[in-house]
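The chain that follows stands alone, in the form predicted on its own, written as C-alpha cells.
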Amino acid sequence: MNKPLQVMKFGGTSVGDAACIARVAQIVRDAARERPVVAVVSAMSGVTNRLIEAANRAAAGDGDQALAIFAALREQHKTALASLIRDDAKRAQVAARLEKIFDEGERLCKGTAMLKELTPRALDAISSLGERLSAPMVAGAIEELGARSESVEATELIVTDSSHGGADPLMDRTRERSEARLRPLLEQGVIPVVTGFIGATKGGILTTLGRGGSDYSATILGAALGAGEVIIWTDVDGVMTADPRLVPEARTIPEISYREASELAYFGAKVLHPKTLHAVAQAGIPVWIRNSFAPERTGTKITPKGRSNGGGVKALTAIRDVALITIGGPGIVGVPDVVGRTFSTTAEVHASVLLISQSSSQNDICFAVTASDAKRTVDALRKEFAHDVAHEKVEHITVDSNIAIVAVVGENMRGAPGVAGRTFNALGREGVNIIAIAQGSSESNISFVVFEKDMKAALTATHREFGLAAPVEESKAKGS
C-alpha cells in the first residue's frame, strides 16, 4: 500500500438511492485494496433542493410544510438504509446518527419559522444536512462489504472564511486538521467518508462552499493531503466536446488542461464546480472525471497542460438563463468614466458579469449577467445614469433575456490561425445572427451571444466545423 493517496468524490446521482450507494461502496472498496482512499460524498440526488425548500417554507411561516418535507426525507433515507445494511446492530447505529441529524434540522426550521427570517448561517446549516446524512450511509455500505470505514464531517477538516453560501478554504489550517484527523485513519486501513460541500470557520461555525461544492471539497482535501490524484465520479463519461443533449455527436475528451476545464466550468458546463481546480493547480495534481454508472470507462483526465487534439478548439459550451444589458447612445462618449460607473454599480448589486463587449466607437457597452441578476442590475444602472439619460447623453439602458452565450474553448487556439473566422463563417452558413463577441487575452476562449432559439444551431455548426464529433467507430461502440 505504498501507492499515492486517491481522493474520490461521488455526486448526488452517484449516491441517489440504495443501489447507487452500493455501487459506490464497491468502487471505493476495490480501489482501497490497491492504495489508500478518501471518499467525499454529496447528498442523495435532489435532497439539497428539498432542504432549501423546507428552509424557505419555514422562513415564510409555513413550519408545517417544512416538517412535512423532513418527514419525506426521513422515509427516503430510512428506506435506503434498510437495503444497504443487513446487520441489525450496525443499521441501528447508523439510523440513530441520522435521526440526530434530522432532529437538528427540524429544530433549525422551527426556529426559522418562529422568527420568519432565514439567515445565511441558518441556510448553510439546513442545506448541509444532506451530506451529513449521506456520509454515514456510504461508510456503512463500505463496511457491509467487509472493509473498515468511518464517516467524518468536513467541519473537522476544512477551515474556511466566514462567507456563508460560498466560503473559501484557509489551506494552511485545513492541511493541519486534515493530516491530524485523516492520516491516522488511513494508516490503520480505515476508509474515511467525508461530507462534501461543507467546512467551518476557525470558530467552528458551519459554512458551505457553494452549490456543487463537493467537487471543491475533494480537491481541497486532495491538496491538503498531497494526493496522487482526485477522481470526480459523476453520471457522465467525462468532459464532452459539447452537451450531448444538444449535440448528439459529442464525444468524451481524453485529456484537457486546467485552463480549458476552468473555462468550460465558468461558461456553464455542469461537470465541474468552477472553483474545483483552484486547490490542486499549485501542486499539479491530476483530476479525473469518470462515470460511476460505467466505471470501466476511462473518463477525462485534467492536467496542468492537457494534451493537444491536433487543432485549436477542444470543446464548446453554452449558458442559458442569461441576459444582455446594453448602455448606449452617441452621447456616452462624453459621459465621464461610463465604464467604471457601469461596473462599479454592477458590483454593488453583487451581479456576476459573464461577458463584456464594447464597440470601438464607444457608443455602446453591453455585458451579460445571469437572468436572476438582471432586474436589480438594470434598476441600479438606471438610477446611476438617471441624470445622463435626462440630458440625453445616454439614450437607453436595455435588457434582453432571450439570449444565450456560446463559448469556444481550447488551450492551443492562439496557435491555430483563423479560429474566429471559421467559427463565424460556420454560424453565417446556418443563418445564426451574432449579437455580441468577446475574446479573452489568453486566447483560449471566444465567446459570443446569440438568440436563445439559435443556441443549438450555433453549437451544432461550430462542433461540425472543427471536426469535434466522435469517429464512426467510436460512435458505433457507444451505441452497442
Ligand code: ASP
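A residue's number is simply how far along the shown sequence it sits, counting from 1. Because the structure is a prediction, the values reported are computed rather than measured.
Below, we refer to the form predicted together with the named molecule, which is not included among the displayed structures.
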Only one of 337-345, 382-390, 205-213, 75-83 has residues with a heavy atom within 4.5 Å of the named molecule in the predicted bound form, and that stretch is 205-213
Which residue among V449, A43, A55, V38 has a heavy atom within 4.5 angstroms of the named molecule in the predicted bound form? A43
Is there any non-hydrogen atom of S444 lying within 4.5 Å of the named molecule in the predicted bound form? no
Just to confirm, E131 within 4.5 Å of the named molecule in the predicted bound form by heavy atoms? yes
Can you tell me whether T423 touches the named molecule? I mean in the predicted bound form, with a 4.5 angstroms heavy atom cut-off. no
Counting only non-hydrogen atoms and a 4.5 angstroms cut-off, does T48 reach the named molecule in the predicted bound form? yes
